[in-house]
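Take a look at this one chain, the form predicted alone, written out in structure tokens.
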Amino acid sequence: MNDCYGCGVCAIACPKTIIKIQLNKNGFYEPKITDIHKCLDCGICIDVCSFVHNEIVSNNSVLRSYASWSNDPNVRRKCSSGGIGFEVGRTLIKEGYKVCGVRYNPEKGIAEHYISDTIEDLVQSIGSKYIQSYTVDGFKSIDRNNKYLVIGTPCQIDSFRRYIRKFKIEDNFVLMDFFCHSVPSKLMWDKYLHRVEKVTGKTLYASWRNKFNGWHDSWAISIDGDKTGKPIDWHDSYNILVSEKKAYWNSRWSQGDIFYKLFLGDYCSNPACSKSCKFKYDRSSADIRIGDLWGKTYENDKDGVSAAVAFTEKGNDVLHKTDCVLVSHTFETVAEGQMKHNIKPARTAFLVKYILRLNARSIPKIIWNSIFMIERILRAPSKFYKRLK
């Protein structure tokens, strides 16, 4: 397969379970048929695939949009923005739902979907994970007869909406996605982690966002390893939420960190994110979309503010049940700073190939700066030279 969102829904929908999701040579998840002779040619895998359809399955218009933050200061401080995602999960667990969310698995070095039915388990989902998640085990654990909140990227949620609509079980689910930039290559993350672990030891905990220096300066990766920390007991959820512990590896500034330069510069993104993403800005198959509320309205807020968008009445009702402040704004205000168009592939393809094949030794900062300066000139020469005048 040449391009794919890697959502994994085809693997759980296949009645013969002959579809396996694995990393391709470029570090992105894609399906592979393990035994073509067992294929029934039923077409279910195509029916639930978001990638092969030109339009999203449930293109609801924006119903309501809010600025939001948790009334619990511990939750607000620990979460990447205002904590609305965690509060939606906590609210629905209290109502008998289970949550299929994403955690980082340090033993495997991957982000993965998993099921939580207690608030203690839900704590693992706190925080942004800026790598592609492996969905299959989490999605396969879903019992169609129970009620779930499912959280994922917009393409994962669009495919999952097709899946539950195909089997007529939509009423059992609340779907939540987020404003998505893209997903980077797993190879890039592996190289980055290899470099960091020379300092920290084997990774025990990773956080892609923290607010040690305030919400607007939260683009920092924090990592604890076995040389610098100890394994986390996720069932000790309260102490994790209130902990002020700072990880040993703290990149602090995104512009000074290789991971964010590559991720935000779109150097190692899934080709599907640039060619085929249908979900930017106000296009979603979810009931709720969340994210950071960037922009002028809350530019002086240091604690974090979430964007919360309801696309359905179900989603709006859930938002109003949470222990959160909800302030109504226009969608344009709530989505200010969010991407309206797909990412553009890096023009210097050699850079990606070089980065993904470099050896484990760290590259001197002066070389990285030179590489990225060349890329900026190639992307927008007029803007670069104008800055020099």
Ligand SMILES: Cc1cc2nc3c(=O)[nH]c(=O)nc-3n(C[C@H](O)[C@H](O)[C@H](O)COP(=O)(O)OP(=O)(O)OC[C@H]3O[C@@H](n4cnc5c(N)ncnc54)[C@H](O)[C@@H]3O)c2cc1C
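Don't overthink the numbering: it's just position in the shown sequence, from 1. This one's a predicted model, so the numbers in the text were calculated from it and none came from an experiment.
Keep in mind that the form predicted together with this ligand is not shown, yet the notes after this line are about it.
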- [ ] Spell it out for me: taking this ligand in the model of the complex, does every residue among T118, L175 and T322 have a heavy atom no farther than 4.5 Å from it?
- [x] no
Task: Exercise: I151 in contact with this ligand in the model of the complex, heavy atom 4.5 Å - done: yes
Open item on the list: Contact with this ligand in the model of the complex for G315, defined as at least one heavy atom pair within 4.5 Å: yes or no?
Closed with: no
Task: Y205: touches this ligand in the model of the complex, heavy atom cutoff 4.5 angstroms - done: no
TODO: Evaluate S80 for contact with this ligand in the model of the complex, applying a 4.5 angstroms cut-off between non-hydrogen atoms, and reply yes or no.
DONE: yes
Task: Per-stretch contact check against this ligand in the model of the complex, the hit in 100 to 108, 159 to 167, 140 to 148, 197 to 205 (non-hydrogen atom, 4.5 angstroms) - done: 100 to 108
TODO: Quick one: from K278, R209, R90, K186, grab the residue that has a heavy atom within 4.5 Å of this ligand in the model of the complex.
DONE: R209
Task: Contact assignment for this ligand in the model of the complex, among N342, T333, S58, Q338, heavy atom within 4.5 Å - done: Q338
Open item on the list: For the stretch 164 to 186, I need every residue with any heavy atom inside 4.5 Å of this ligand in the model of the complex, listed N to C.
Closed with: F178, F179, C180, H181, S182, V183
